[in-house]
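Okay, here we've got a single chain as structure tokens, the form predicted alone, with questions on binding and movement later.
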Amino acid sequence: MIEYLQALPKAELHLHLEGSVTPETLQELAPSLDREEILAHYRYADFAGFLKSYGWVTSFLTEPCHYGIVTQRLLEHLAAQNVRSAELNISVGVMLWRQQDPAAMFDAIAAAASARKDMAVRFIFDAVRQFGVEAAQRVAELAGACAGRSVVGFGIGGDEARGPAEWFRDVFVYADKKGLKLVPHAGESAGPESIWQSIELGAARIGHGIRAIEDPLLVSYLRDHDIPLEICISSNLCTQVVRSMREHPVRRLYDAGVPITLNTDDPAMFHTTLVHEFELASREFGFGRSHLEEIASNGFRYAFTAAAADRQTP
């Protein structure tokens, strides 16, 4: 099965660049760090602990060259798994919060991505919902300015409870007018109402969305309107938004006809790979080869392929 999954052409739609920084890459960027200290920050007990660890790791990404190296290493890992297409979430909201220059950082990221000729690489600029509406608007404006450079989407991540999607209505309208697809995280740590809000605001896909299972009407809506969920099994377990593998709703959502993709979210932080996520789906949830091929195909089907600049409205 592992050999089969390794060879299966795959796409990844929910992948945070900063969350891909492995302990080895972090030590490459900051050689003075003690390895045991690094490893300690890759262990946590819940979602709040993950956010703290994520913040610590990203604190060492201070120069454009750091982002270039991280992008290069990530794409090497993806290519080794026969990933043919990837959409990378970039935490532009965190860059602004750290008073960095997102344009310079993105130049380095884009340059590293352009060196790969075996993979379609596109970008989603991500805002941090708990930083507020004004900060999210700045991220959307930067995304719009880069729309002709394979930036295809705008998203909001972070703590759903501290930044409901409805706060960002005007920001989503702005991003949509710039031709950007809207890809908020929703229904991860908050309930179905967070997903409903995101749908009302025009979400093309839902990041996570697993708590849709709590609302049969929402499940039917996602199915009937062909709105895919970006499922990240290991992520949900590591952050404890799902308490056990047995409780994860991925199979129930699939069986209900909801379109899903499999993704790693923050692969280094969650100690996973895309091949491993597919293997979990097979081993733990009984997905057969035909199911896995369908899910892999969804990754290409729901990818944002058109250049955002070509869709831009005045």
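The model shown is predicted, which means the values in this text are computed figures rather than measured ones. Counting begins at 1, following the sequence as shown.
Although it is not shown, the form predicted in complex with a small molecule is what the next lines describe.
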item	value
Proximity to the small molecule in the model of the complex (heavy atom, within 4.5 Å), stretch among 196-204, 156-164, 108-116, 68-76	156-164
Heavy atom within 4.5 Å of the small molecule in the model of the complex - the one residue of Phe60, Phe285, Tyr44, Tyr54 that qualifies	Tyr54
Contact at His185, Ser235 and Asp266 by the small molecule in the model of the complex, all three, heavy atom at most 4.5 Å	yes
Close approach of Phe50 to the small molecule in the model of the complex, 4.5 Å, heavy atom	yes
4.5 angstroms heavy atom contact with the small molecule in the model of the complex for His16	yes
